[in-house]
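First, one chain by itself: the form predicted alone, in structure tokens.
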């Protein structure tokens, strides 16, 4: 029973988006594909303990889900018009997993289609490709789970009703869709990165899924510098994974990490991607963020962090692509560069409601206040940050700063 459950959970974690994308590619019914896959997983938990885990669990689930979709079509209609869809939904039971294509990039482009409401495109990608639930997505976008769920349902219905094609768009259509696809992949990586300290394995595995999708995107769009920039950014971060915690699982911030634990191979790959992206001569958010990480990984060579370079890069990022994260990063490096008064001006520019529950803001505010000698205010800000921190490992680290 444990083997069957563990296998089903692993396949659901690793192959959810791939299977949904393949099921929906021909039916254009994302919600129906998700329902069919859910039914297939329930069937697996019921039958695998009795009959044994199949040699190709992915193929078994795909066949079972397609059979359920075929039956659903038969119940809804028996007209000849449905027959082509029924034939397309057929898959032999003995399919090998390596024969199952990866349709996720096509589904990403569908979710980024201009016919879909702009504000729901990235959340739709996060749910359909990577299986995040409406509650987690809603939290990330400051929307209630119920409201996010309703918006996602409407977006999926729109794809089905409009008959949007599952294909990579023509080159002229790429620019208007690629930015949101990059945002969704990076958002998924961020969820997995944050889940490194605590959380379930499925959330932590999102980082690897995001990197995989980033590699696919680079191979598909070799002349898109921002795709290279995003992959470089994720690889720089991933290179430091082993150094983020000590043997007891305690959180270690970047400036205190043992650089000997960083992956030289991933850093070298990231550096090559960043150099390749720079040859196109166009500025991009992800190239800039990757360049910031490149500065950080020079510390083992120079023996120090070049905060002057970081200030320049963060200022450029905040000017070209202003966001809460960019401005907070700018304020943080200003503090480390000995320019806390300038950092205070940046932090005071945030609307109170925008950062009231944003944990990184309070951490940065505390560092700025401490640098200005405002010890009591810094302690109060740290306590607020601790209260907003979900990870116990990070909470424990912040307590040491009080």
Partner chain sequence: MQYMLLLTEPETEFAKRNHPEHAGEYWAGWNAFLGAIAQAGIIVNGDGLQGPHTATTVRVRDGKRMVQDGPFADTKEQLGGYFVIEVPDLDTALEWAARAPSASYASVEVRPVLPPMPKPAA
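Residue numbers count along the first chain shown, from 1. Every value quoted in this text rests on a predicted model; they were computed, and no experiment measured them. In this text, the rigid core denotes the largest set of C-alpha atoms whose superposition between the two forms falls within 1.5 Å.
There is another form of the same protein, the form predicted together with the partner chain; it is not shown, and what comes next is about it.
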query	finding
Close approach of residue 173 to the partner chain in the predicted complex, 4.5 Å, heavy atom	yes
Partner contact for residue 115 in the predicted complex: the partner chain, 4.5 angstroms, heavy atom	yes
Residue 177 within 4.5 Å of the partner chain in the predicted complex, heavy atoms	yes
Partner contact for residue 164 in the predicted complex: the partner chain, 4.5 angstroms, heavy atom	yes
Option touching the partner chain, based on a heavy atom within 4.5 Å in the predicted complex, out of 66, 367, 28, 344	28
Candidate stretches 308 to 316, 209 to 217, 165 to 173, 148 to 156, one within 4.5 Å of the partner chain in the predicted complex by heavy atom	165 to 173
Large Cα shift (2 Å or above) at residue 283 between the shown form and the other one, core-fitted	no
Residue 344 C-alpha shift between the shown form and the other one of 2 Å or more, rigid core reference	no
